[in-house]
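As structure tokens, the next two blocks hold two forms of the same chain, structure 1 and structure 2.
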Structure 1
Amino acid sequence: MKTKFVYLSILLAFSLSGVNAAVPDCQSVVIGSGVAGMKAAMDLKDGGNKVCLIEKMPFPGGATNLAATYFVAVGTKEQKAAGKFISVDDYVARQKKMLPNVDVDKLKAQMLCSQKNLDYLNSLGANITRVLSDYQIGTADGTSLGSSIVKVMFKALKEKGVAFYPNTKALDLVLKNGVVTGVKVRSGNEEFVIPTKNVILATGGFAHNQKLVKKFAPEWAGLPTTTAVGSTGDGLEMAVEHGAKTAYTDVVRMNPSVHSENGVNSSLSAARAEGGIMVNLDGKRFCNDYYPDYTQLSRWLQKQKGSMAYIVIDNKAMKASKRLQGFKDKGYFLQADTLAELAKKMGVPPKALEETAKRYSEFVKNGKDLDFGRQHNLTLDFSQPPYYAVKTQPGIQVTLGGIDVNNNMQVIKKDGGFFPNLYAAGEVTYDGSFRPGPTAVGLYQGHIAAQNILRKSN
């Protein structure tokens, strides 16, 4: 409780005021305080750059706060020790089969930083050590990944003395002869320009802006989203207004495990990550319930009755995840001592659910899913009651396209070339890899953008 209190006290102290009184003196302005923005700001500060981190919300973290279950990492010593190892080259080949348009060079570059990223976060105290698969590592006690990361990164950011300005919304970029010279912002009732030599857009995606979803990805318009309320495409629209090139803005990653309750959309992916299965209203599995392409998985889900399914787990899975325990306390889960009783509460045929669970437990025992070929997180044998079920539907998790950037994270112009001092990092970009893990990609891109600014400054 003491750590939580200290964090909340720090956050409160820096959330009560924006820029207001005086225009800050900034060599670089980072817009957005998710993982990409915080990493960029801290690297710039470490390099002696006078950096200002502005955030339109009253708190830091952006969509990173909502990262649910696991950190994407490949080829780490932790995975090797756990016997769940795949080489970076083999992982890239696997992704290429699933996503033919992926830029294998960019994906490989990102994944080669897996150990470095993981060690960095754990050095701050994130405690991401529980290996779930050959590409997933969760927090040791099953707490939500994003909140753990934001807490330790924001603490480190303030300890380094990075100037952080919440409640400060970027309205526009100021350019002269194709070079960014400032950022127009609103803080409270005041609007003014912050002069600067460099800008990093780390403003997140646009999944919480239905207008842009309808424009770019109409297939998924109207569905719920588990992203942050601040993910409204501000940086994307600002950059496009000044001639930035975009790519793959029609591509999003869906979340097949969205539970909506009292107007709140929550990702229940942790239930599948802990081995849970998805069943339809007939009480049967209908697909590989941990297929790595969540968008394809969502399409399979949409074909079921009511375009919904239940994720079913047992007490072993519940005990392993504090995140799931929190959702249970909120009343999201149905619970029963037997699968037959649970089925009645779900409104599915009891015999069908019992047979589904029995068959799946045999797959777990033998290490092979004969029905749908599930390979990841094939762990739950339904041997430990009570049993739980949660109703889910598809929703937008992240947007995968956006501002096109070069290898230095500089924003590419629509008519050719690039902006010399305008960068983008995180979900606001099209990164070439289709973001297998947004948190890991954000760390990587924020670091690259900052290092390029520092090289140019020296």
Structure 2
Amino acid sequence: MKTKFVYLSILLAFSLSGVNAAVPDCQSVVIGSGVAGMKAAMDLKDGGNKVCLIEKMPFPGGATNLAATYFVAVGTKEQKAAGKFISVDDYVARQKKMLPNVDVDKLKAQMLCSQKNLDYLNSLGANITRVLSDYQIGTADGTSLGSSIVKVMFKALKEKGVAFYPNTKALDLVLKNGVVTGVKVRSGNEEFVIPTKNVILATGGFAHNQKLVKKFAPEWAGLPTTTAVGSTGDGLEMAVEHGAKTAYTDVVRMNPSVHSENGVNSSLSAARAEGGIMVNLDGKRFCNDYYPDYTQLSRWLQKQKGSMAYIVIDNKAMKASKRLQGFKDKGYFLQADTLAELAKKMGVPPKALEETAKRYSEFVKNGKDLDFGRQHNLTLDFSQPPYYAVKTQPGIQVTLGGIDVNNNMQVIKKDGGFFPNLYAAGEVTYDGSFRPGPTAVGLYQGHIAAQNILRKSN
């Protein structure tokens, strides 16, 4: 059937009120309704800009919905009160030591917005107040960070009356003489162009697109991902197609503890956090199983037989975590009353597993891991049967490189210069800091992109 191209201004579309309404002209189109896109859209609306927020899925939030634990913030009054304070300068210096390629100016600019970001989300009701460390804050009651953020931001977005178009997929950008004039979209069976003066690409990462993982981060091709199904790199591909520059697309944040069951990939990091050790098919530990660099940890795991490991815990660890109990109820864990029986179920030599557990419980007793120097959560003494093991492999959690942007979030061209009215924000970008806290960076970048559009249009 011949594809129909029509302009959105003559279409009827879904509006937030839930009724069909005539679509206004869009001065700005924001593509993607994760934290970056929602923030940009709300700021634009607040500034009097006619903004349309389009989303290919039937619901908002993207990978932001999945953000599990911590919002990155530094030097806040909450951290000061909790005695976990570090200055922004000291934090930046610490990051630079760990990540020599980090852009210190960009990281500093992001971190100086910590209090503002936090106050903004909490003013909407996100309740991100539980200080976890000098750079991490979680929700007060430990509920998932991302779902709290999406819930309160989407509510605010509706209250402001931002025009939101779910089930509307951006297919391409329309450019004339290097300036974006529209976005080609598909909604239902229709394909049409939304004319616009500005576009913000906030389409998230690309970990759910094996073709792009193979192209950009081949080291991790073929592995599962814990990210959202919508994270297929659409914005990255569109921008590259029109000559955008990319940076560090090979850099990803791995999750070393992914369990795959019936096509669902779940993060079992909680099992290590509760003290669990990683054991290979020889029944042996092979690294510091609580090493803070998850990508390095994943590399060690990749080198093991079958590129997999079991995380082993005892009942004390299981009882401490509701999340783990939920996974147990889903049947993810092997279970046995003795380590020898558990080893048989795992297919590892029973003697070796018993030896590993005996040696490790000595380390726990003495507070020193003589084999691999594990320092954190050195608690598993195997004192409480039954024992549990869950099969895990590495998976991609967040992509850290992407479209290169300038300080206004304008997309930089491969051949020099930048697109004057094409912006990018969130996981679709290379942000300069390798996204220590992706939700915080998305919030910051969405805000900056919107402010720049507003400044230019006034």
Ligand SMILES: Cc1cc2nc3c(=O)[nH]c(=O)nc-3n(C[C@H](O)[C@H](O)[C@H](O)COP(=O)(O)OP(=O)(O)OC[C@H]3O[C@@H](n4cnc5c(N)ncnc54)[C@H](O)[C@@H]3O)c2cc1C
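All residue numbers here refer to structure 1's sequence, counted from 1. Because the structure is predicted, anything quoted here is derived from the model rather than measured. Rigid core (definition): largest C-alpha set, two forms, superposition within 1.5 Å.
>> These are two forms of one chain. I'd like to know which is the form predicted in complex with this ligand.
In response: That would be structure 2, which is the form predicted in complex with this ligand.
> Can a Cα shift of no less than 2 Å be assigned to residue 209 between structures 1 and 2, given superposition on the rigid core?
Replying inline: Shift at residue 209: below 2 Å after core fit.
>> So that I can tell if residue 199 moves, could you say whether its C-alpha shifts by at least 2 Å between structures 1 and 2 after the core superposition?
In response: False for residue 199: its C-alpha shift is below 2 Å.
>> Aligned on the rigid core, do the two forms place the Cα of residue 352 2 Å or more apart, comparing between structures 1 and 2?
In response: The answer is yes; the displacement is at least 2 Å.
> In Å, how large is the CA movement of residue 364 between structures 1 and 2 relative to the superposed rigid core?
Replying inline: So the C-alpha of this residue moves 10.8 Å.
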